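As a starting point, one isolated chain is supplied in structure tokens, in the form predicted alone.
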């Protein structure tokens, strides 16, 4: 089986697919991409199915060598990228010849990019998914971030659909700089907070702490006051939930979140804005605004239509 060789791993590069959905009731976390939209876009550009495994690149990119010729696409954060010293664009498909090297250089905007290779990354499935969950060391390659010398098996490129045009596409989700506006829905435990807590949440920016990771973004900003204590009977933790411990400083639960938690959740990031949040990193800031369920659904429908249009263009 052909493979990609990791010459340099980058800061934190992991194998991710859409996630290990359906096992949360048994205590198995979902994992998957921090920016689901860019992951899906990269797969579409490379001609893969939406669920194919990609490489999630974080802040500092890798250097990769290909054992055979492959169509590759990279979406998400803006990096300088070269193949054997020749510049290649993001948000488009390009060919990497046998023995050639794809190298990531300086990062301009965003925190995470997704490398899709025609045929997908073909590590073994674990509970139906190839996604890496770092805390439990599950999935991916030995449940860990990539390191130099790793050999990543690739799927059959003949199973991929026709790749997209080499002309770069406009990103479906605009990359944030060092600040993003994030929309949320109130709840599910809004009643555990003082009557003005949602106004406080929306009053000023929050800074992502350096103690943040794929499990959650710890935020520093206006403290949110509890009205009924900071503990609840543990319940499910959806993607994007804003848990608030006794400190009053919220934590945005991200891809590697736990399956249940005992802190009340004042609000939840809408699905259409999770990809924006996933492009932020330590030291970046975000402001929150509460939106209606109708607005959240409209934003998600528009995002899905845009992705489906790209996927339809890549169909045979």
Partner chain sequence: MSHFRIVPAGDSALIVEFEERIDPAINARAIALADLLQAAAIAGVRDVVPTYRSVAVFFDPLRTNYDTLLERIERDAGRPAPDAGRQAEPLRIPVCYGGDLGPDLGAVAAFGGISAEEVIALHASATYRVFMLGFVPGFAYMGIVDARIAAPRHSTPRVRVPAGSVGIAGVQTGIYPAETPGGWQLIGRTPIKPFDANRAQPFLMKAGDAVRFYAIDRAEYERFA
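Only a predicted model underlies this, so the values are computations on that prediction, with no experimental measurement involved. Numbering follows the first chain given and starts at 1.
From this point on, the text means the form predicted in complex with its partner chain, which you will not see here.
Contact annotation: residue 192 falls within 4.5 Å of its partner chain in the predicted complex, judged by heavy atom distances.
Under a 4.5 angstroms non-hydrogen atom cutoff, its partner chain in the predicted complex lacks residue 156 among its neighbouring residues.
In the predicted complex, residue 300 approaches its partner chain with a heavy atom inside 4.5 Å. Within this chain, residue 98 is remote from the site of its partner chain in the predicted complex, having no heavy atom within 4.5 Å. 259 is the sole member of 287, 58, 249, 259 with a non-hydrogen atom lying within 4.5 angstroms of its partner chain in the predicted complex. Checking 221, 143, 238, 176 against its partner chain in the predicted complex, a heavy atom within 4.5 Å turns up for just one residue: 238. For a residue to qualify, one of its non-hydrogen atoms must sit within 4.5 Å of its partner chain in the predicted complex; none of 15, 207 and 276 qualifies. Per the 4.5 Å heavy atom criterion, its partner chain in the predicted complex is contacted by stretch 266 to 274, the sole one of 279 to 287, 64 to 72, 41 to 49, 266 to 274. Residues are counted as partner-facing when one of their heavy atoms sits within 4.5 Å of its partner chain in the predicted complex; in 1 to 23 these are 21, 22, 23, in sequence order.
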